[in-house]
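What follows is a single chain, given as structure tokens, in the form predicted on its own.
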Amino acid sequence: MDIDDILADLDRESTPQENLDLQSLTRSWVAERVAPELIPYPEELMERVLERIARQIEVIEEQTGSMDPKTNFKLIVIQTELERFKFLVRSFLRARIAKIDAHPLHYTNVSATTTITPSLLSLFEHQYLTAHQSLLSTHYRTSFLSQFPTQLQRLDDTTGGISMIDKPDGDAAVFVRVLRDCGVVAVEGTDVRCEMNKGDVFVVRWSAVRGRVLGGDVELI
């Protein structure tokens, strides 16, 4: 651990939890919008953020209508902070829902077999995915699949080694910033090798840095 790491730890210890949560939520929001696939759902972070939003809404409702100028100014500050959190949460969840809508069969299979901790999907996202896939399958079946032979009606057929399940593009390019030295990263299928040192910025295939992003060594920007 170098002096920069020690100073960063001291900064984290002296920074209020609310500010740390805002920084983490912002990073999660950026990562979710940039990554071609879902990032594991930050359950503990979202629980704290949603609880704080609920508390702020209660404070605003209780103090709205006060004639005290100081109270009114305080409410303006709280409402501004509240809107910032609400925007990040809404945009974060919309980005995740858009990915679920784009690849429902893929995430149905992944959520059924994954061993990722924390969970890839939240409880409500899992419920949404199940309902979405059920409606989609019913629509396809009544629209045209029922007219096909039984063996051709599956939406997740893998006959002949060709899968009908559409997956996120693992070769999509992403911009990353290195948070910790993590050695050489090889891009599969090429001769490209990247020496990733703390502070470096790269544009690289998602598949090459996915594990390091999930491990916290690299962040998406």
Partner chain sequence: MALPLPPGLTPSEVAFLCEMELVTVIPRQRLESLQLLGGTTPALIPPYRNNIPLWLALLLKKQRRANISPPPWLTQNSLQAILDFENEHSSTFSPPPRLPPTSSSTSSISPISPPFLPSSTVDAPADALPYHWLELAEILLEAAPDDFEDADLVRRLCRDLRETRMSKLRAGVDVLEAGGGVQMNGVGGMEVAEGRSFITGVIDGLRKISASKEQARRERESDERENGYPGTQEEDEDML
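Quick caveat, the model's predicted, so the values are computed rather than measured. Residue numbers count along the first chain shown, from 1.
One more form of this protein should be noted, the form predicted together with its partner chain, which is absent from this view; the next part is about it.
| query | Where, among 105 to 113, 88 to 96, 119 to 127, 137 to 145, do residues come within 4.5 Å of its partner chain in the predicted complex by heavy atom distance? | reply | Looking at the other structure, the answer is 88 to 96.
| query | If you check in the predicted complex, is Thr80 within 4.5 Å of its partner chain, heavy atoms only? | reply | Result yes; Thr80 sits at the interface with its partner chain in the predicted complex.
| query | With the cut-off set at 4.5 Å between non-hydrogen atoms, does Ala172 touch its partner chain in the predicted complex? | reply | It does: once its partner chain is placed as it appears in the predicted complex, Ala172 has a heavy atom within 4.5 Å of it.
| said: Just checking whether Pro40 would be counted as a contact of its partner chain in the predicted complex - the rule being heavy atoms within 4.5 angstroms. | reply: No, Pro40 is distant from the partner.
| field | Contact flag, Glu188 vs its partner chain in the predicted complex, heavy atom cut 4.5 Å | value | Because a heavy atom of Glu188 falls inside 4.5 Å of its partner chain in the predicted complex, the answer is yes.
| query | Using a 4.5 Å cut-off on heavy atoms, which residues of 186 to 216 contact its partner chain in the predicted complex? | reply | Residues within 4.5 Å: Ala186, Val187, Glu188, Gly189, Thr190, Asp191, Val192, Arg193, Cys194, Lys198, Gly199, Asp200, Val201, Phe202, Val203, Val204, Arg205, Arg212, Gly216.
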